[in-house]
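Presented as structure tokens, the chain that follows is alone, the form predicted on its own.
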């Protein structure tokens, strides 16, 4: 093979690779729009009347995840399955965002931490790498950390809405989450930086709970529940 033929072959390879990446970008853009729509629905829970609408907002979000599953199914067809990590950067951020949204819905519904398997089921993707398009562990953890920031905001807005017990429950949940992350030896720089933000979320929520205790609001609400 001559030098000219060699570089012509390489150009064909680069062109094909660029076509794949362009197709991926188009599908990911649609996925990002779907994620924004779900976020818009869930953001309303932060409003004064939003706490009463949590069940209906979660139900609406789950309906929108049906569209997400269809779009991810389309995404899977745009690249060779064995080259997941070669193109991973294209969908990494949106997959983390969708994990956050799934985790937030599950927390609002049951005040529990979503598992990686549950997120994979909601998105209709795999957990095991060998089975194809899957939820990477680090993407799952990043999504959970994004949810922690959202819960710190929810704790503050709960007080504004007169729901004084919710910040205490959120505080307990976030402290358990923090304890779990402390068990991990995180060497991934972006994930490590995001985990560092969890410390501020813990502090922010603790300040809310402390303020409630000083005012006696959390205690009063608890006594009211006991009655």
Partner chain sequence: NMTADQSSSSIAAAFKVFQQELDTKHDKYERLVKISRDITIESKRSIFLLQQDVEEVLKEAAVKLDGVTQKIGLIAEELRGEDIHQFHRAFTPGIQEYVEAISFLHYIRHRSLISLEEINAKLVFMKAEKSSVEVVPADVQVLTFQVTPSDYLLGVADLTGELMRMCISSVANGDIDTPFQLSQFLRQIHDGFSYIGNTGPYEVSKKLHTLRQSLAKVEDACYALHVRGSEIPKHMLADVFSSRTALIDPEESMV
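Positions refer to the first chain, counted from 1. Given the structure is predicted, the values throughout are model-derived calculations rather than measurements.
Below, we refer to the form predicted together with its partner chain, which is not included among the displayed structures.
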- prompt: Should residue 84 be counted as a contact of its partner chain in the predicted complex, where contact means heavy atoms within 4.5 Å?
  reply: yes
So in the predicted complex, does residue 109 come within 4.5 Å of its partner chain, heavy atom to heavy atom?
no
| message | Even though the partner isn't displayed, in the predicted complex is residue 124 close enough to its partner chain, meaning a heavy atom within 4.5 Å? | response | no
Report task. Could you confirm whether residue 118 comes within 4.5 Å of its partner chain in the predicted complex, counting heavy atoms only? Result -> no
*Judged by heavy atoms and a 4.5 Å cut-off, are 56, 78 and 133 together in contact with its partner chain in the predicted complex?*
no
In this chain shown alone, the residue from 199, 69, 52, 62 with a heavy atom within 4.5 Å of its partner chain in the predicted complex is 199
Across 126 to 158, the residues having a non-hydrogen atom within 4.5 Å of its partner chain in the predicted complex turn out to be 129, 130, 136, 137, 138, 140, 141
